[in-house]
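Here you get one chain, nothing else, as structure tokens; it is the form predicted alone.
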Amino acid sequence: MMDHELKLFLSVAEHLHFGKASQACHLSASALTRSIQRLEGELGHKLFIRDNRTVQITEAGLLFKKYALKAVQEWQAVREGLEDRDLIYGELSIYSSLTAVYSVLPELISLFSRDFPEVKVGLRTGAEEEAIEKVLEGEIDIAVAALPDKKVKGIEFLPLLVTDLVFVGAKSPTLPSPASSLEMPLVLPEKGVSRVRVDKWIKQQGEVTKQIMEVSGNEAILAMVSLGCGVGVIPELVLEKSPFSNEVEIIDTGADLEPYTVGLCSTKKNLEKASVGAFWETAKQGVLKGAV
């Protein structure tokens, strides 16, 4: 079974949409469909259930996804191992929030691409709080994430920068005072480092009934806050790079939340891949030189 067909399958499994997957793979929808049908024929099981509106992955598809992720990673490792070690090439998948795309990654990717032009860099964006999970599941080689309060088994972390966690509210002539603003609903991420720290602060304040609105990602928090839905808690770096920066402002509540450390995370196995290890080392050297 060819590496190419496995990647096509993984693209459909990620997007759950044949049209979007075909665009991502630069392939016609009909050719992609035929490839999936060949896989299903070889396996003797349906990998996807498809109708006019939706695509769902089957139990057999979920099992095959685990195999495909592992096989693609191992195939890439073998290819790199057979090549001249002075020439690093292949693929590198990175997961990041939109904020990190604007702030953390530009200089780093620029440095890496200059030194390792043969490596094809793929970037996926999403909620920061899902970054470590994506790496552990084998979907991504390396991710930009917040340093967790407790070490996560199997995860290596490289700190890049530190930013404060701040409360933010919508800019308005009728904006409540800092004391009363905290009577508004809190707009928080569903999980992650900032959520853990805010929950701890709420508990210390004895606030057991405070209304909380949960969203996915810091950018979504800012969007909700700008609409006047409540008060959010985000890393200050997010506000600096956000298109909502003119619509929201920091509220001085007197709360003392621990700073937020942003860095790269990966697994030891991933770091054995030449491309991933090279990116990690580039980031490390960039931190030492102050370039990242």
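Because the structure is predicted, anything quoted here is derived from the model rather than measured. We call the rigid core the largest set of C-alpha positions that still match within 1.5 Å between the two forms. Numbering starts at 1 and runs along the sequence shown.
Unshown form predicted together with the DNA; subsequent notes refer to it.
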property: Close approach of Lys241 to the DNA in the predicted complex, 4.5 Å, heavy atom; result: no
property: Contact of Thr33 with the DNA in the predicted complex (heavy atom, 4.5 Å); result: yes
property: Non-hydrogen atom contact Trp280 with the DNA in the predicted complex at 4.5 angstroms; result: no
property: The DNA contact at Lys66 in the predicted complex, heavy atom, 4.5 Å; result: no
property: Val104, Lys120 and Lys134 each touching the DNA in the predicted complex (heavy atom, 4.5 Å); result: no
property: One stretch from 230-238, 25-33, 57-65, 249-257 that, in the predicted complex, holds residues within 4.5 Å of the DNA by heavy atom; result: 25-33
property: Sequence-ordered residues of 34-57 touching the DNA in the predicted complex, heavy atom within 4.5 Å; result: Arg34, Ser35, Gln37, Arg38, Arg50, Asn52, Arg53, Val55
property: Glu240 C-alpha shift between the shown form and the other one of 2 Å or more, rigid core reference; result: no
property: Is_shifted Asp51 between the shown form and the other one (CA, 2 Å cut-off, rigid core); result: yes
property: Thr261 C-alpha relocation of at least 2 Å between the shown form and the other one, rigid core basis; result: no
property: Sense of the change in Cα distance from Asn270 to Cys25 in the predicted complex - at least 3 Å versus the shown form; result: closer
property: Closer or farther in the predicted complex, the Cα atoms of Lys120 and Ser30, when the shift from this form is 3 Å or more; result: farther
